[in-house]
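Shown here is one chain on its own, the form predicted on its own, set out as structure tokens.
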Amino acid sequence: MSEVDPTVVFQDAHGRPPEWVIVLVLAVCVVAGAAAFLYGTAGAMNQRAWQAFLVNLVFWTGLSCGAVLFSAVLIITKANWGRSLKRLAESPVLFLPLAFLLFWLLFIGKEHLFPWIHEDLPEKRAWLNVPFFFIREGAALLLLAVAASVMVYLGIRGDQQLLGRKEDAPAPPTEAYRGATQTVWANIYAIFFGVLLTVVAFDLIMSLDPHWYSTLFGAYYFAGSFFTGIAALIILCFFAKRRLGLSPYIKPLHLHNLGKLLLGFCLITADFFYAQFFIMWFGNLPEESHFVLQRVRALPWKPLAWTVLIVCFALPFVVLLSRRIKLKHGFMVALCLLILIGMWLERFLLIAPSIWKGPQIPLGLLELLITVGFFGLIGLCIVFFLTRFPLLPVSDPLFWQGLKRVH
């Protein structure tokens, strides 16, 4: 390597000590969210509290899975351009075991969320029953967490072994890289991402309206999850350049490629929505079309549906056509924050109309605080990961090849 000093790279790869102000703010967010949730479930707003909890569980779990998938895709495709972003993409992995634990709280609030518990649906009784529902959903979230954790661990283990050598300046790995085991787990995780997130979408969203069904809904949900994961990764890159000293490893090439991926999955997610909508509109079957009509034509949901359409799809599509904008990191962070807010509202729009029957949209301080609590929780997971584990995959020769490419 002519322009990159391996000694400097190894020094930069070590995790940074946490900034306690950030940790304190995130901890306060968690406490505020937990307090709001307990207050809501104990009072007259119990349905709104459980509804907000479900929306956030679905949103943040999908985002975490989508971010980790970026690392899996790099491993599967043997791409070297984005290897310096691997640890940032993997940092939300610690949230997945917590998502598995948080899911079991839904057992307490199931009466407020799932209408099929109170309805007699003999044709769906084999699938929609309490024991089987919670067993398969818990198994799906557990398998996702295990596959993601093992894949990430296999990469981190090699980095820690290399950085832990007693030599002052260990050499970059030049021997044939034997990452077959990690590649196997990356493929397993990618398969689980598609299959198990489909189960999550069917159970936690589609079953809220048990008379409606869509075979494309699972793909729509996991494509949107990867969309949010890429947006979150762009924001994490901004944080890493300024707080973690990784600016030498995050170059315009990375931002441009991430911007292209963001545009691509904006279009894919929108296409899956259109494909569902077109078939329902063309068939004009009441059991299929009512789900969409309730959200895009009925009050109070109609204005929110148009807001989601513009914020999540129309605006990003127009903006991301520009190469120059993709290279402006500050502007991209603002756009990604807008996309994440829009996708949260999109998940809310999928869930809330099936549960809430009031005349006003149930968005207020309670929903905001519960969302802030989830944000604080995933933020603490990311901070813990980035301060305890190597920031760069120094044991991976493709990482060093990628450095040559971007310098």
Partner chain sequence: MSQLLTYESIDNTVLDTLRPPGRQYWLTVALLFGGVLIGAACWLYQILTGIGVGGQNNPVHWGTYLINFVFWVGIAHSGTLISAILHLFRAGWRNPIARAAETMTVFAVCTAGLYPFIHLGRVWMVYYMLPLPNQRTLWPNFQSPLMFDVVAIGTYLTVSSLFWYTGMLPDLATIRDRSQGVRRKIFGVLSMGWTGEFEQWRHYTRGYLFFAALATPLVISVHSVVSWDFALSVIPGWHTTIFAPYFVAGAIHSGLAMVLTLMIPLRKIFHYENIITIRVLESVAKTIVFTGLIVGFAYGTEVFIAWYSHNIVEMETFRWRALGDYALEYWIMVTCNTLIPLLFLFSKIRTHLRWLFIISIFVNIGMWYERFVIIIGSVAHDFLPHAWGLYRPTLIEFGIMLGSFCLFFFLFVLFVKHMPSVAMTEIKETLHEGGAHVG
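As the structure is a prediction and not an experimental result, all values here were calculated from the model. Numbering follows the first chain given and starts at 1.
Beyond what is shown, the protein has a form predicted together with its partner chain; the following relates to that form.
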Which of 225-233, 300-308, 140-148, 197-205 sits within 4.5 Å of its partner chain in the model of the complex, heavy atom basis: 197-205
Contact flag, His112 vs its partner chain in the model of the complex, heavy atom cut 4.5 Å: no
Tyr274, heavy atom within 4.5 angstroms of its partner chain in the model of the complex: yes
Non-hydrogen atom contact Phe282 with its partner chain in the model of the complex at 4.5 angstroms: yes
Exercise: Trp212 in contact with its partner chain in the model of the complex, heavy atom 4.5 Å: yes
Listed residue that, although its partner chain is not shown, lies within 4.5 Å of it in the model of the complex (heavy atoms), from Phe134, Phe239, Phe331, Trp127: Trp127
In the model of the complex, the one of His290, Lys260, Lys251, Arg243 near its partner chain [non-hydrogen atom within 4.5 angstroms]: Lys260
Within 78-99, the residues that have a heavy atom no more than 4.5 Å from its partner chain in the model of the complex: Lys78
